[in-house]
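Consider the single chain below, provided in structure tokens and representing the form predicted alone.
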């Protein structure tokens, strides 16, 4: 297992397979990716994953944009799973999931995180700009039926929009055997953050008072997991939280094939796709080593000043 100069191992690779999305959530940070027209093929994604395994990567998370917009997403999953990785998961908005969940499971997808901030159709439209929450519910049902478990729901807490729905979301997820992740809004542009940020301290106090047990996921940004009667809730604090950074074990891969050491920076990317395209895997390994060497906790002052063009 290779560690960066801060002693953090790299055990996960978060791969954006497309920048396209069928929703328009107003707070979306788009995985910190800059716009590009280049996109990796399923075979290229598989080759990058094969190289990553040599550096200790054991978990792959497929993201976007919305990964299910790719016509070949089943092939992408099959290529990743075929690389012998321990766990292959996906983050999706769930709108298209009902039609492909079983195929994804058969191709080697182990589990899904489904982004769902609200159970209310009107609030859903306010947050996403379009789409139907009923399609997401159908996707959740399909994921459970296909055995893509544990299914996790990602709920970004937004002041004045959905912060009154925490109890109802806990009831919904607990009843269905789903893990709820309550996520504190990330500050990427100031304006959205100042309007909708909601601190999670009081919610954590409430969860702690109800919990049968509280666990800390040591290499998952030291996040807390609250074991409730019939359910589980995880609390995810912002990326600029020093605990989050010091326990980060991820590299990222942009949709156009650049290794990205930190979500919040675009000034230290490493091109790996150009090397994979020419089957120069020795140089691809050097690219991975370089990306790991460039990893640095974002909360450090030098990194915080590196934001490009006012966005992640």
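This structure is a prediction, so every number in the text was calculated from the model and none was measured. Positions refer to the first chain, counted from 1.
Note that the form predicted together with a small molecule isn't included here; everything after this is about it.
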Please tell me which of 182, 151, 186, 133 lies within 4.5 Å of the small molecule in the model of the complex, judged by heavy atoms.
186
Could you tell me which one of 156, 88, 73, 170 places a heavy atom within 4.5 Å of the small molecule in the model of the complex?
156
Residues in which of 272 to 280, 45 to 53, 62 to 70, 243 to 251 have heavy atoms within 4.5 Å of the small molecule in the model of the complex?
62 to 70
Give a yes/no on whether residue 39 approaches the small molecule to within 4.5 Å in the model of the complex, heavy atoms considered.
no
Just to confirm, residue 29 within 4.5 Å of the small molecule in the model of the complex by heavy atoms?
yes
Looking at the partner-bound form in the model of the complex, is residue 14 within 4.5 Å of the small molecule by any heavy atom?
yes
Heavy atoms within 4.5 Å of the small molecule in the model of the complex: does residue 162 have any?
no
